[in-house]
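Listed next as structure tokens is one chain, alone, in the form predicted on its own.
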Amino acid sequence: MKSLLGLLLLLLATPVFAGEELHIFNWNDYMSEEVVAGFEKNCNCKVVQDYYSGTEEMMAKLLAGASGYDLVVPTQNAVQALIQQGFLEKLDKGALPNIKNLDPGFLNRSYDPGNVYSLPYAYTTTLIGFNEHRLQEQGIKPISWAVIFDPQILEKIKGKVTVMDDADELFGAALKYLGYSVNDVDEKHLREAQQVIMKAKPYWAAFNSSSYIKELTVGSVWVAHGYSSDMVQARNDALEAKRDFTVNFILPKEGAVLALDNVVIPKEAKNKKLALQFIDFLMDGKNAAGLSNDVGAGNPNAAALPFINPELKQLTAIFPDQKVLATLETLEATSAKVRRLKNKLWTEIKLK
């Protein structure tokens, strides 16, 4: 009896999980739960994710000393900044046999020549999600950035619009609306973009980079500026909930931001070997397809394409064709001088 009691006490005192932990810092809703579960089973480990909703938030936390992460999923301009800060570990390509599955068109980009520190994970466009029924009722055709910037249009949907709480993304949209590049650093043009934002601001419900999926799904918001993968999720959630409206999304005619997200390993990571195993697991064709099918993100993995839902592959907002790609731009890292100016203009927007 004593030995049985001792065994029971030992079992109760033993943690349910005794394997390694992989700590990931990632965007909200940006990884297939099924793929994560498959890796945990395969490696007898636990994947723990912390989330961020914007690049500035992610950079601020990392550079302020947030530690304990084995893997981070930053966008291309953040990769460039993290490399410059000496924050990243060089990737051991010998431990990544599935690197052969990546589309060469997404490799060797200017932010990380030779992919020394990063590998492409997913891509999204920043576009407009909308409640199709409500906008039809108002006679609004959402084909342009005007639907979030033109006061005449906004007057009809006041309080039903959200924009991203992200200076680079919102300035990028305003610059495109004005006919400029998202990477325009001319002070005159940045101030023009600020004025476009300031004139539209009174009509918006909020600056929101985190909960617009739910708000579109329940119908409390009719127009949202956000990521393409989030809009796919909002559309699917509304269908599943059998709402009396349809959520749709569109790339504005003026063009938009293309975000290429990457996997990187911080120098201070405690579990670099497991991080490399996870990266290679993600680059398997079937596993990579889970990202698109479950999350709605574009995919830089050529071996994933045969396993991706055909309907999803037909959406040019998710998988842009060459004509659409020509209207898209990736955000580039900027100089400290431009960063200070943009931060000043952004602060003025938020305070007025």
Partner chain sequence: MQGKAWYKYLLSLPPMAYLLIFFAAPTFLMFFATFRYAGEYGGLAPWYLHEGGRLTLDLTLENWQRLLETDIYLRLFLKSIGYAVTTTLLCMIMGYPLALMIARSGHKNRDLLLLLVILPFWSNFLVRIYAWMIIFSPAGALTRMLNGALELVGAGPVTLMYSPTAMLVCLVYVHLPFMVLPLYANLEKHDLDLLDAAQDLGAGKWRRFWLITWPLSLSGITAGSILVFIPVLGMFAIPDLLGGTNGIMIGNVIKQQFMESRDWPFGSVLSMVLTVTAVAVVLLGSRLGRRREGR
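Residue numbers count along the first chain shown, from 1. All values derive from a computational prediction rather than experimental measurement. The term rigid core refers to the maximal set of C-alpha atoms that superpose within 1.5 Å between the two forms.
The same protein also exists as the form predicted together with its partner chain; that form is not shown, yet it is the one meant from here on.
Only one segment in the set 255-263, 216-224, 110-118, 147-155 has residues whose heavy atoms sit within 4.5 Å of its partner chain in the predicted complex; it is 216-224. When contacts are defined as a non-hydrogen atom within 4.5 Å, all of Leu63, Asn208 and Ser335 contact its partner chain in the predicted complex.
Although the partner is absent from this view, Trp204 contacts its partner chain in the predicted complex, with a non-hydrogen atom inside 4.5 angstroms. Contact annotation: Asp284 falls outside 4.5 Å of its partner chain in the predicted complex, judged by heavy atom distances. Using a 4.5 angstroms threshold between heavy atoms, Gln84 counts as touching its partner chain in the predicted complex. Looking at Ala302, you'd find every heavy atom of it more than 4.5 angstroms from its partner chain in the predicted complex.
Interface residues of 329-352, taken as those with a heavy atom within 4.5 Å of its partner chain in the predicted complex (partner not displayed): Ser335, Ala336, Arg339, Arg340, Asn343, Lys344, Trp346, Thr347, Glu348, Lys350, Leu351, Lys352, in sequence order. Relative to the superposed core, Thr330 undergoes a Cα shift smaller than 2 Å between the shown form and the other one.
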